[in-house]
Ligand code: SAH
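This document opens with one chain alone, in structure tokens, the form predicted on its own.
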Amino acid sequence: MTHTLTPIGFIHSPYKQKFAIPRQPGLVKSALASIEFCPEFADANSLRGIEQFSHLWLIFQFHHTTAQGWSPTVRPPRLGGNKKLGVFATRSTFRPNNLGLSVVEFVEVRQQSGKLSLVVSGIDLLDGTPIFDIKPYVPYVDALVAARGGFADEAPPLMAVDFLPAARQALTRFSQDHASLETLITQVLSQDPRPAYHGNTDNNKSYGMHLYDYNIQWRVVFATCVVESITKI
């Protein structure tokens, strides 16, 4: 039996590539995004009352991994990428239906030039991700304080982040377009987005990521993410 899902909209986010996207929602609170509804679903009545809720559930598709298929076992980055677990015991992107679930913070509803969009924060979604459904987060049933978190029972430790003078000069130039760019870069890098198999060691390797229209280059020095340059793409 086959079922067809139709996206209700697509998200516009600062994450232009899979690398450096936080591994869970809510870790980078400054990551602001907007869900632009498709014309057939762009009815503001569908969002009536949504401002009563501080957080929302998004059901989406891992659209960049669909062509790679799924695997019954995966290697969670949280375990260093060395141990295999069943895909349904993880939040891996390589799933049979490529569906994901994220909780985000509600910001506002916008209507401009005949377009309807929903602004949210704390997202962990790639730019252009198809959104299939939106549901309110209800604390008394969704927040289970006694729940066990398995191998992800505690939040991972944060890394220190520093900016070289050239990078700070770039932040000053670009602050007019993105006032929260420094905060976003800091929160993303504090999660240590390097591949899990690189471990927690300094390896003097240069890394790069794209946020908005910027290319950020950094390396890890003495357990600190040091931003070396920020350039416009």
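Note that residue numbering follows the sequence shown and begins at 1. Just so we're clear, the structure is a prediction, and the values are computed from it rather than from any experiment.
We do not show the form predicted in complex with the ligand, though everything after this point is about it.
So in the predicted bound form, are His64, Leu125 and Thr129 all sitting within 4.5 Å of the ligand, heavy atoms only?
Spot residues vs the ligand: full contact, yes.
Only one of 99 to 107, 152 to 160, 113 to 121, 79 to 87 has heavy atoms within 4.5 Å of the ligand in the predicted bound form; I'd like to know which.
Among the candidates, contact is made by 99 to 107.
Under a 4.5 angstroms heavy atom criterion, identify the one residue in His12, Lys16, Arg23, Arg219 near the ligand in the predicted bound form.
By the 4.5 Å criterion, the partner-contacting residue is Arg23.
Indicate whether the ligand has at least one heavy atom within 4.5 Å of a heavy atom of Arg75 in the predicted bound form.
No, Arg75 stays farther than 4.5 Å from the ligand in the predicted bound form.
I'd like to know whether Phe37 contacts the ligand in the predicted bound form, with contact meaning heavy atoms within 4.5 angstroms.
No, Phe37 stays farther than 4.5 Å from the ligand in the predicted bound form.
Mind listing which residues of 143 to 179 have a heavy atom within 4.5 Å of the ligand in the predicted bound form?
Heavy-atom contacts within 4.5 Å come from no residue here.
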